[in-house]
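Taking the form predicted alone, here's one chain by itself in structure tokens.
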Amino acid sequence: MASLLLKHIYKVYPGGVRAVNDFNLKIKDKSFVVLVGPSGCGKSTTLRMVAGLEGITSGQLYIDNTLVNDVESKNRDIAMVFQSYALYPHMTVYQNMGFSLKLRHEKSAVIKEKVLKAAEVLEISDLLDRKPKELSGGQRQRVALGRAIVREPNVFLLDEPLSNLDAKLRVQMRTEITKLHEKLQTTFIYVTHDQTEAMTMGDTIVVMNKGFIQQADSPVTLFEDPVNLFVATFLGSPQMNIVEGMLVKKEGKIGFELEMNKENVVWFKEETAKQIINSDIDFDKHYLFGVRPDHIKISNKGIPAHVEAVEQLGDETIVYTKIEGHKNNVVVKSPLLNNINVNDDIHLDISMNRVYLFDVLSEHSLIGMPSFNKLPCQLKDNKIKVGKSTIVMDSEFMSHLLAGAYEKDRYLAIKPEHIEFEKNESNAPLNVRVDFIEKRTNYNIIFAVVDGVKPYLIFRANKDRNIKVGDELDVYLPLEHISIFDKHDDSYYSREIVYPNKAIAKLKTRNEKTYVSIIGGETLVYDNLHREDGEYEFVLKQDKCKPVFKHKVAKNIKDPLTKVNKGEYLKVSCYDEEPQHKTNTIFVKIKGFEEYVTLNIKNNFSVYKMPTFKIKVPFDGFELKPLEK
């Protein structure tokens, strides 16, 4: 049995093509984890990195607390089941299942025992003498599973194993694989693009898009509390209805004006209105309103709509309607309806207990459970000030902070699921007062006030935890899960240690030119800096240097050429990078600097596309400090 830990995993192919970005996930022993997302989202690449079939560009992969980045695939105690079955056509089922054991030089009696046991579990004992061509698709998939089972691995990896099967067989095999997990009591990691497979099989689902984890949680939580627009619309069939519009206020209530139509306004419940007010959401912007098809009823009141299509599915009816100003259909999912016909004029009654609001640009959820809590804060010395509360930073946390963390307009960011109720040596207390509670299927969402701060601190609590409205309590924030953001969602907490960008340089001025010669590196030349000749500590600023592009590269990334005077640039070689929202934090090697150098640059540039390049160092891009005697 095995647990896995993936920390800041990146996969970048030659040419700078990013397949996986900053993948972080803890997988408990004996769990069933499903990676789901559209084609090209990085889920199969992630699985192959776990298997050792793909190299990891950066990050760490641990299996049972052992770092395995450089451990060969055959030594990871992992078995993989492929989409294509990958059976040897000239071998019988028995031979296919026992082949890996034969390569290990296991005794014939041991091979026979394990193959027969696996065949019995999979109910294919009567197929052992057949060859793959004599088997159906479902039978071949069972053989592929059997070949993995006989190895008795700590981890099973399954890469879209059912995609070649017909719909009926997929449902059957889905159940069989779930039962197999229960029998074997080992860790399963399963990749699929089919949301139904994901929702019905996994105890944890990891939703991916464009190489990033969007959300990782239980199926029910993902359905009830999607943290962004992608997760909300990817899971659920038919998918969530999304309508653009604006927030409105009237007589102390807050509503949403669908498609800017003053006749089509829905009013939020009191608790949702409180969250919107507490978050200081801008009422002059457009937002996206979301509601699932099964949370809309056809009624004689509500939003006027016109029926464009009706699907009768036996036990339920799907109704496609049109509302004024909205180009897409608003879909309604109801128990069987026989009295609704195409071209009927109806009204849609929206249940406001389960509605969603998303930002148009960031696509983050703005009501209910957020992807991150973002509380305004100030960093000074070794402390984070949040309202009237103070969090003490340890040296490990501080070593990952970028210089910009200490400026104004910074936010402490932490995911709701990372907030704890018990104190330990690695978390920090925060005193809160519970303002209101929303109930969910598996937990309660707590909306709490931190004294002197907006918005709410939002977190989960198990239903058996006795928390009531008005309670004052201490919650605890693990430092390892705290990030420091700005208002653009750029993070100032780095996964890499941030070294101080220091080198030793000799200064010499002649003919009104100052030559800054980095010991062991290159020489920079500037107009007279009016400093005495001698040795100094040379400190490169994180946010002042810019990459120097060739014309072809500048044109490709749509960036104007950086003007550089001769002697104002340094040669750089790639180490690593961490993409942010509007910037990239890059970690690079420069001759003369003992540790790698950390810089913040525009996010349209990737060090992986240019392993070696140059950076412009303007006269205000560095500091010169006298050496301590």
Partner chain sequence: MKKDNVRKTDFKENERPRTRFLQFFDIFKHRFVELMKISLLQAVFNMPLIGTLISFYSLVRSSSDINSLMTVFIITSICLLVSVIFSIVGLTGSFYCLKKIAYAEGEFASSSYFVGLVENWKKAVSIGFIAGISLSVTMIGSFFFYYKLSSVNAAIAGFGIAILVIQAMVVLMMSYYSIAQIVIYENKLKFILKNSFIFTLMRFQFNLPAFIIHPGVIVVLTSIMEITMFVAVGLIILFVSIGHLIWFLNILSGFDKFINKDYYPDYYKKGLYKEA
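Bear in mind that the values here come from a model prediction, so they are computed numbers and not experimental data. Numbering follows the first chain given and starts at 1.
This protein has a second form, the form predicted together with the partner chain, left out of what is shown; the following refers to that one.
Among heavy atoms of F99, some come within 4.5 Å of the partner chain in the model of the complex. At the 4.5 Å threshold, heavy atoms of V265 stay clear of the partner chain in the model of the complex, well away from it. Interface membership of L135, defined by any non-hydrogen atom within 4.5 Å of the partner chain in the model of the complex, is confirmed. Although the partner is absent here, K374 is not a contact residue: none of its heavy atoms lies within 4.5 angstroms of the partner chain in the model of the complex. Just one listed stretch, out of 271-279, 196-204, 445-453, 122-130, contacts the partner chain in the model of the complex at the 4.5 Å heavy atom level, and that stretch is 122-130. Checking S73, Q139, N261, S218 against the partner chain in the model of the complex, a heavy atom within 4.5 Å turns up for just one residue: Q139.
This chain appears without its partner; in the model of the complex, the one residue of N329, T514, S483, Q95 with a heavy atom within 4.5 Å of the partner chain is Q95.
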